[in-house]
Every structure is written in structure tokens, then in C-alpha cells.
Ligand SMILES: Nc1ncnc2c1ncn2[C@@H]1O[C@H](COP(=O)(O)OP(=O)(O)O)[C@@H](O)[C@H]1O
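To begin, one chain is listed below as C-alpha cells, in the form predicted on its own.
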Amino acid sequence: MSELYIGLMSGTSLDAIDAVLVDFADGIRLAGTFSMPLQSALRQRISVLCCSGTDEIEQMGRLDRELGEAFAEAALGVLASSERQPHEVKAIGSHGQTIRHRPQGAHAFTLQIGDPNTIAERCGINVVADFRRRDIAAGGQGAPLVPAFHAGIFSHASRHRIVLNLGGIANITLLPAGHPEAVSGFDTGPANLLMDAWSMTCRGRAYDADGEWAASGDINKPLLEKLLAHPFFSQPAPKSSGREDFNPAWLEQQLASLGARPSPEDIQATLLELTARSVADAILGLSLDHGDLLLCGGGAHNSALWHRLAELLPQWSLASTADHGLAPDWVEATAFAWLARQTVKQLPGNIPAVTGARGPRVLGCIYPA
């Protein structure tokens, strides 16, 4: 008998809403996938709301409802593509769209929009959402949350593994061989976020396909040094990041401080090196010194980035999560289907060693159909 959940994910890349239909009846099996691109005008409005500005409450309220409709369309899309009906699905796990992530300070907070009430109303399915704020209330960073899911499906009894998610932001999950209780992880810095934004600015393309444009340029060392000087990279784990730390305005500030502005392709090459170096530096600083490095997220398709990571991490065997049962494009959405199931069953969804929370917590709120 099936045990179906839907997972919905829209990350810092702002490229699309990914939807998966997952059957947990016998392990984890993808019963359907669907991706709905976000239109450029909508992406721009989200980007604006990620920074402080005027009339934020009004803009957030309207965008919250609009994104709720979009998430509902994605959920209905994956149902239609898999020829399933709403009554067959136990719940939808919706990550929402992060517009602010401030995990530091006395009143730390994180905020995701995409109204779950609208999703429940449109789809006729219970919705689980707002996963991150309980972890923050318990003293954690609210991120990354996916390591708990990674541990469940990618751990190995005799080989160390690291799962590297290359979305807008990069994060790693450490899976020491034979020690599931020792799972940890953290954000390492930008992955596709800056590269995608620079590609759109200079070429009107949402991303640098296969890293070809970056490969045509040369790394600008003075710029790279300025980028790597960002204080986030020297912070100890647990830590998490987002557009608040790494964004086009910050990049322009670093470019403006150079004596001469590099060519566009050299900037792209340097941004790719920033991602590769920050990931490699984080991994080289770990107690694990060899094993399998499993790549997922959009950056897993960037062969130039893949090649550079292999050069920087010769003791690690690089592979796609597809080689271990789950295609890289669907890992995060599947994780939020899993997190929804955890919530429904009143089981914890966080790993305190990853987020810094005071203990395991049941995450999210349930919005009935």
C-alpha cells in the first residue's frame, strides 16, 4: 500500500519550484517529479524583498499569497504528471521561499513565504510548512535541515561520505562511516547564487550552462582574495548563510574596490573558484580526510565546477547522488516530503549538531485541508 507525500522546494537560486511525489511505503521511491520555472518578473520581486526596502509588509503580503498559488500549481502539476488524486496524498511538505535569514543575535529569525493556507485550499491536501522557525526558537540556526534526510539514505557502514548540495548556497553533510550518531553539517558559502546572478546581468542567461563561460575566463586573484575575506568563511560551525551575506550588491562593492575591473568572463571564473575554494577549504578542515563526495543540486551539472572540486579534493571520490539512488535535482524537494512525514508522525526533523539547537525538535506546522 502506498504512503505518498509531496515535497515542494524553491531555493536561493530562484529558478523554479521543484515538486516531487514520494512513496515511503517501502523505503523512498519517487513516484513523480515536476518543475515549474519562476518567471523573471516574479524572481525580481522576490530578490527585491530579500533586502530591506520600502513598503515591505504590503509587498510581502501580496507575494506570500501569489507564491502560495504557485506552490499549489506545482503540487497539482506533480499529481497530474503521475496520474494521482489529492485524496491519495497524506501531506504536502512546503519549504516556501526564504526572503530573510538572520540566524544570529538575541532575536534571530528566518522567514519563508508561500502561504500554506492557500496551498491547502487549492489542493485539498494537508500541508506542513514553516519548518525552520522551531529550530531557531530552540537556539539553532534553522539550517541546514536536509542533513537529517541525507543521513537516512546516503550513510554507509564502511565508507566516509559527504553530501555536497550545490544550490544557491552550498552546504555539506558529514556522514562518518558506521557512526550515524556523529552526523554533522553546515553551509559553506555561495554555490550558484552569485554565478547565476552574474550570468543574468552580463548575458541575460539564468545560469552558465556546464560552466563553459567560467571556463573561458581566468581567475582574478585580487578579487578572489577580497571575496574569500568575507567574515562568514572564518565563522565556526554550526553556521548558515543566504542572500543576506552573498548578493550582487556585495559583489559590486568588491569589484569597485579593485584598481581595475576584470573582464566579465574573468569575474565568472573567479566566482566559480570562490565556490570551489570555499567548499574545499571547509572539507579540508574536517576530521574526515577521504571517502565519497556525493554532489546534488543544480551545481552538480556544472562540469567545470566538478573538475575544480576534484582537483582541490584528490582524496575524495566525486559522484552524483544519482549514482546512489536519487537524482541531484530532486534531493531537496524529496527531503521536504520526508520532513513533512516526520512532522505528521511527531518525529524530530533537525539534527542539533548541525543547526546548533538545544535538542531534537518536531518541526513545522500542519495546515489542514
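It should be emphasised that the depicted structure is a prediction, and the values quoted were computed from it without experimental measurement. All residue numbers are counted from 1 along the displayed sequence.
In what follows, reference is made to the form predicted in complex with the named molecule, a form of this protein that is not presented.
Residue heavy atoms within 4.5 Å of the named molecule in the predicted bound form occur in exactly one stretch of 294-302, 136-144, 221-229, 172-180, and that stretch is 294-302.
Contact annotation: residue 273 falls outside 4.5 Å of the named molecule in the predicted bound form, judged by heavy atom distances.
Not displayed here, the named molecule is kept clear of residue 116 by more than 4.5 Å at the level of heavy atoms in the predicted bound form. Taking the partner from the other structure, the named molecule in the predicted bound form has a heavy atom within 4.5 Å of a heavy atom of residue 166.
Under a 4.5 angstroms non-hydrogen atom cutoff, the named molecule in the predicted bound form has residue 15 among its neighbouring residues. This chain appears without its partner; in the predicted bound form, the one residue of 210, 121, 281, 252 with a heavy atom within 4.5 Å of the named molecule is 210. For the marked spot (130, 241 and 244), a heavy atom within 4.5 Å of the named molecule in the predicted bound form is absent from each of the three residues. Along 321-354, one residue reaches a heavy atom to within 4.5 Å of the named molecule in the predicted bound form: 332.
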